[in-house]
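Quick heads-up: the C-alpha cells below are two forms of one chain, split into structure 1 and structure 2.
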Structure 1
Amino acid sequence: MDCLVCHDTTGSYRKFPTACGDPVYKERKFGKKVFPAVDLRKVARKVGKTSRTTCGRCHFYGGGGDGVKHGDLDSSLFKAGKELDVHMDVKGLNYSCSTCHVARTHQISGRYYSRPAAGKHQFALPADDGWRLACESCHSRAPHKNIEILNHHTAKVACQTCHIPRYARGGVFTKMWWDWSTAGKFTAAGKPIVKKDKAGNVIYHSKKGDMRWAENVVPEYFWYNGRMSYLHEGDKVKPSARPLELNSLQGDYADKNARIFPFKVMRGKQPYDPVEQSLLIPYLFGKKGTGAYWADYDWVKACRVGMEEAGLPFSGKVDFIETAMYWPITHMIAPKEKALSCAVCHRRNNGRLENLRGFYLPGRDRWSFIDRSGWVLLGLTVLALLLHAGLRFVNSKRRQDGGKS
C-alpha cells in the first residue's frame, strides 16, 4: 500500500496518470502538463495526518476529472467557504475528511458497496464508540432548536435532503450524461472532434461520445436505507422503457431504516450485447492494432478484447443501452439559512418530492373521496341554509304584510 498518498503533508506527492500508481520519479509530460519529479526524501520526512488535499487528490477527480463523478466532491472543497460546506469551511470548522470519516486501524468509515456508511453506528454519539460518520452522531436526532417540527422529520427525511439544496455549488461542473453510442465521429479530414461548451466542458469527444454537464444541480430524491445492490459483470439484463440501473437503492417508505435521500443520477448509454443480454466491457486504452477503442475506434473489436479479458461471453453484436447510476449526495452542506423550506416539499404541484409517490405527504396529497365529498357536503349545507334563510325571510315579510293589511 502507498502510505504517502494519504499521509503526505507537503502537497508535492504526485502520481503519474498512466504509471499504474507509481509516483513521478523523473520529470515527465502528460499531454501538455508537466509532472515534476517528487522529492521523496522531503515527503517522507513530512508525513502527517491525512487531509482534504490527500483524500481529495483521488476522490475529487473520480471518473477522470475534477468533479466528474460525485457532484458533491470536487476541487472546490480544497478551499471551501462556508457557503459551500459548513464543516470544511477553511475559515470555520475546517474539517478534514477523516474528522467525519473516522479511521481506526485504517478502516475508514464509509459506505462500502452494500454495507451502509454508518453501519451499526448509525446514530452513535462520539462518546459511545468513537465512530461518528452520521450527522446524528455529532448533532443528535433532534438538532433543531427553533423549529420543533423539523425534528419531527428525522425518521423519514435524511439530514442531507434538507441541508444540501443543490450540489456542484463550488463552480466545478459535474457530468450528468455520457452517451458512448455517439463516439467515433471524425471530421471530414479524419481528425478527432472535441467540442466544448462556454464553460469549457467537453460536450463531445470522438473517444467518448456526447456528454452533458451541470452545476448547481437540484438532487433527485429516493428512499434509501444506506444499502445498494450492484449489477455485476455478466449479469443478464433486459432493455426496458426505464434506463438500466447499474446500482439500485434499497429501502422504501415501509422500511424503518430508510429515509428520503438526495442523489445525483448519472445517466448515459453504454455498449450492450443484445444476444447475450449483458453489458459489454470494451477495451479502451492501448496501442493501435490491439483493438483498443481509443486507438482503433471499432466497438466490436474493443468489446471482443475486453470481454475475453474478463472471461465473459460475447456474441459479436454491439448495441447501446441507456443506464442510470445513483450517487448519494452527502457533502456540500450549506449554511442553515439555505436549508430547504417547508413549501419546497409540502405543496400540491411541482414540489421537490413530486415524483416520490406511495406515501402521504401533507399539503401535496389528499384523498379525492374525502376532499370532494367534504366540499360537496359543505356546499349543499350552505345552499340548504340559504334556502332556509330565504324562506324564513319571505315568510316573515308575508306575515308582516298580512298583519298590516
Structure 2
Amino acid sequence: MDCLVCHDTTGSYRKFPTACGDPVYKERKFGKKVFPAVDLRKVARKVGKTSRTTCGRCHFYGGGGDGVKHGDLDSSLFKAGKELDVHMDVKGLNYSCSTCHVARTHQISGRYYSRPAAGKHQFALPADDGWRLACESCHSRAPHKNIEILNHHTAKVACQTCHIPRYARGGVFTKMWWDWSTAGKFTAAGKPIVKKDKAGNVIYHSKKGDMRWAENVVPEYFWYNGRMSYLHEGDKVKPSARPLELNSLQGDYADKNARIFPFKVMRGKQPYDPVEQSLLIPYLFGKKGTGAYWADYDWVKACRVGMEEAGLPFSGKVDFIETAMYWPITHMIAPKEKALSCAVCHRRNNGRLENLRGFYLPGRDRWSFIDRSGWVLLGLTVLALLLHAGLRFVNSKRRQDGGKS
C-alpha cells in the first residue's frame, strides 16, 4: 500500500498483480488483461479524501475476487440501496467507510481485531475524533423505542445478529468452500480444467481445486467477546482437530463481554505435514522448473520450496486437512422492517440458534421436570375450579330447596 491507493480520486491508479506493490509504469499484460500505464503526475494532482470506492477496490475484492473473502463486503456496496445497507444507501445516508472506520494519525480503526465486541457503549459526537465503530456510539444502549425487552437483548446479542438477516445478498456470490486437495487435474490432452456454475462462478480449477459459492446466506452464530486466537505458521496442530480452526473465537455465555454474533465460516482443505503436524506453505506462483505449484503441479516440490523460504521444517510428506476460518458479519445492515423476528430464534425446531448451546433460550429449550410440574399444576388448578364450581352448585340447590320448604 501507499498513499495513492487510498487517496487517488481519478480511479486510474492500479498495481500490477505480480510487481510486489509497484504500480504499472509501462503498459503490461497479465493473462488476457491489459494494464495501461499510470499517469502519476495526474494522479498526484488529484489526491483527495478516501471514499467507498478507494476502500472497496481492495476490501470488496479480498481473497482474489469480488466478494470472495468476507461475504458482507463486495462490489454491490459501491451503489448500495437501502434494502442492501441502510448506512451506505446512495440515496439516503450514503456513508463512506471512514464515517465509522475513523482514524487517528492514519491508524484506521477495525474493531473486530483490536477492540472487544461489546466496546464501552461510548458515544461519538459528530464534532469529535473518537471511535465510532460500536453501534451504540450512534444508537445508544437503548435503541428500541417503546420495546424495552429488545433493549435488554443488547447485553447478550450483538446488533448485527438481528439486523443482518442474511449476507451476500447484493447479487454477488461469496466463496464458502475451497478444497486444494483436488487441484492438479487435467484433460486427456493435458489442458487445464475450468468448470463454472450457472452463475459463472468457478467451481473447479486445475490450479485451485474444488470451490463452492453461495448468495443470500444465513450467518452462523457464536459467542464472541471481540477477541480471537490465531494459528501461526509453524504451530503444531492436532490431526484429530477436524475442522482445524485457523482462528478461534473467544467468549461464552458466562463472559460478560461476549455476545451472540453472526459469522461467515470459510471452510476448505489445505496442505498439511502429517509428520511435523503443521500446515504447509506452498510456493504457488513462479516459472516452470522452480517448484511453483502452478507451473510444475507437484505438491511436494512446492511445499519444500515454500517451507524452506519460510524457514520452517518439512518432512517431505504432504497430506490435506479440513480447515475453518471465522469472518465477522457486520455490513449489509437491513432496514429495521427486515430485522429478524423473535420467532426466528425463539422456537423449538429449526431456529437460528438451534446449535448454540450452553444457556437457556425461551421457546427453544425445555426442562421435562418443569414441563411435567406445570401440567400437574394446571391439572390441579382445573380440578380445584371444578370442585369449587360443584360446591357452589350444590350449595345453591340446597338454598333453593330450603326456601321452598
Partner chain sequence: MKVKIHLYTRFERFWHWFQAFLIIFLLLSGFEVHGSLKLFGYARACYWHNLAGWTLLILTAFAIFWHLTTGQWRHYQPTFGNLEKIVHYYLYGILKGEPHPFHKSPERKLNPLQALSYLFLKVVLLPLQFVSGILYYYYNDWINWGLTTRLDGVAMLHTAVAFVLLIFLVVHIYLTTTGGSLLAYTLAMITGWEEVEENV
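Given the structure is predicted, the values throughout are model-derived calculations rather than measurements. All residue numbers here follow the sequence of structure 1, with the first residue given the number 1. We call the rigid core whatever largest set of C-alpha positions still superposes within 1.5 Å between the two forms.
Asker: I want to make sure I have the labels right. Is the form predicted alone structure 1, or is it structure 2?
Answerer: The chain shown second - structure 2 - is the form that fits the description.
Asker: Going by the two-part rigid split between structures 1 and 2, are residue 60 and residue 102 grouped together?
Answerer: Looking at the motion between structures 1 and 2, one finds that residue 60 and residue 102 are grouped in the same rigid part.
Asker: Determine the rotation of the smaller rigid body against the larger one between structures 1 and 2 and give it in °.
Answerer: Domain rotation angle comes out at 39 degrees.
Asker: Given the rigid core as reference frame, how large is the C-alpha shift of residue 394 between structures 1 and 2? Answer in angstrom.
Answerer: Displacement of the C-alpha, rigid core superposed: 13.8 Å.
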